[in-house]
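In structure tokens, the next block holds one chain alone, the form predicted alone.
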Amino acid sequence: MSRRTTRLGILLSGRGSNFAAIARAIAEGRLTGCEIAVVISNVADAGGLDLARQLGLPTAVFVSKGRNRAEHDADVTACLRAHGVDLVCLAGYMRLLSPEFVAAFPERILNIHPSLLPAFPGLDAQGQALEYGAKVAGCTVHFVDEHLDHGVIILQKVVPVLDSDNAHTLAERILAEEHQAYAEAIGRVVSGRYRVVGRRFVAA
């Protein structure tokens, strides 16, 4: 990516804690070379929208319930382009993206998932890890492709699974790592100092 400021588009469906962590990292100077251009939600009353407004950031809502996926994603894509977005960051966006959306931003969509992919994709990753008896869990920041929780891995962070853990306690410890991992991964991508070799993200 070029050395000009990279404009981020945040997509969220809920409280937006990862969005908040990204915004905080930018404000504190830990994540440089980028700015948040717009925050978009598919849920009208998503808590993350309130935070975005408090921060004075542009927001948009495209309610997805009951809408054709391709048409909905076309609206979101148009909004991202209107705000000059270079890199799309999914921050608790609880909706599968259409192939057309993914194609519009090739290797320019990031997602964070609360497991060490390829283990435990999909919903309730923490519960899956506990049920399976995993001894470690964590989070993964990856590029988004047309498959669920599948794209090239940029960064992972690990937490131990304790004998005393339940899905809630494990999720809370993973979330703390997510808040660090997402900003770090965005920084790696924004720097442009990497290449993708097969499925490997290699620092240049």
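Numbering starts at 1 and follows the sequence shown. The structure displayed is predicted, hence computed values, not measured ones.
We do not show the form predicted in complex with glycinamide ribonucleotide (GAR), though everything after this point is about it.
Residues within 4.5 angstroms of glycinamide ribonucleotide (GAR) in the predicted complex, judged by any non-hydrogen atom, belong to 88-96 and to none of the other stretches in 88-96, 101-109, 127-135, 71-79.
Remark: D50 does not count among the residues lining glycinamide ribonucleotide (GAR) in the predicted complex, judged by a heavy atom distance of 4.5 Å or less. Although the partner is absent from this view, S17 contacts glycinamide ribonucleotide (GAR) in the predicted complex, with a non-hydrogen atom inside 4.5 angstroms. Using a 4.5 angstroms limit between non-hydrogen atoms, D149 touches glycinamide ribonucleotide (GAR) in the predicted complex.
Glycinamide ribonucleotide (GAR) is not shown here, but in the predicted complex it comes within 4.5 Å of a heavy atom of L175.
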